[in-house]
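Taking the form predicted alone, here's one chain by itself in structure tokens.
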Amino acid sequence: MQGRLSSWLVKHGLIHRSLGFDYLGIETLQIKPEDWHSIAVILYVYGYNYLRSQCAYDVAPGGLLASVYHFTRIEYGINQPEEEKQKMQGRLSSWLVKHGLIHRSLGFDYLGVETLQIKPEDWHSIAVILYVYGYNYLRSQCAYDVAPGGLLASVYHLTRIEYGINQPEEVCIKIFVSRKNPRIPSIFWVWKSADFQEQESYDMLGISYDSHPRLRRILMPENWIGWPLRKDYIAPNFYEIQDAH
């Protein structure tokens, strides 16, 4: 299948390769490195005004490397206005309310994924309940600094993988903690894939994941001082970096 953007690029003679659609129905294109900058400018003018994420991966040992960009067209009045989305309660939130499980509904993101806020002290028990409920795959875990001197957030994207289901049900969980004592129960024993992801969140933001079996720095040296992705982090000068190594 050829998507709308691919058809538009063909119409205007812009070289690319259509890779079809991912499981969420998002159109995927391959662009040559030498054409990327000019096409990136064209995509921005076309309306893709928000870079949702950029990442990279190794396709195969000794093979190609890939750089991946997720773009979004943010336009007022498209699909459902954000104000209306925030008023909606999703299916999982309704189920949690029915069973007396405390949480806060944060509405839906722009992809329609239900988003919930859970208190740190409730997270481990609710994580077990979500696993039993059917969320058997931790798609990703990350963390971010909400604001300089403010809260830190740990984010979990969970998916229900079921045979024969084309579009799996997803949910996003957010846990907010004080930067003075940022402690969150580890969900390593529920989803083993949280192992390195929680370690990276600890390394970059200083969030301690209680009961994680090997919580340590994995990107920075063990004796590094500070948390590099906090918004109030002050990078050491050159000589301090040398001493740290």
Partner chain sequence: MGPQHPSMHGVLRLIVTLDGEDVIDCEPILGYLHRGMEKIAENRTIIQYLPYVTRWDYLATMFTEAITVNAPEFLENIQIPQRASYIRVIMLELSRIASHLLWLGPFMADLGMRMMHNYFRIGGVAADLPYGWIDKCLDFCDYFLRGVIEYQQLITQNPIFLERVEGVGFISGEEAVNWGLSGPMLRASGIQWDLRKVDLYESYNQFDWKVQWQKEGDSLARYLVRIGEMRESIKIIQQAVEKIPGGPYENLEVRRFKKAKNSEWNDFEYRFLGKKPSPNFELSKQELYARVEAPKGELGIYLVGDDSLFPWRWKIRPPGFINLQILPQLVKKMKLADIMTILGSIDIIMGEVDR
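Positions refer to the first chain, counted from 1. Values in this document were obtained by computation on a predicted structure and should not be read as measured data.
Just so it is clear, the following notes concern the form predicted together with its partner chain, a form of the same protein that is not shown.
Heavy atoms within 4.5 Å of its partner chain in the model of the complex are found in one stretch of 200 to 208, 49 to 57, 36 to 44, 62 to 70, which is 200 to 208.
Interface residue among 215, 31, 177, 194, judged by heavy atoms within 4.5 Å of its partner chain in the model of the complex: 194. When contacts are judged by a 4.5 Å heavy atom cut-off, residue 162 counts as touching its partner chain in the model of the complex. Shown alone here, residue 26 lies farther than 4.5 Å from its partner chain in the model of the complex, counting heavy atoms only. When contacts are judged by a 4.5 Å heavy atom cut-off, residue 137 counts as touching its partner chain in the model of the complex. Its partner chain is not drawn, but in the model of the complex it has a heavy atom within 4.5 Å of residue 228.
Contacts between 139 to 157 and its partner chain, taken as any heavy atom within 4.5 Å in the model of the complex, involve 139, 140, 141, 142, 143, 144, 145, 146, 147, 148, 155, 157.
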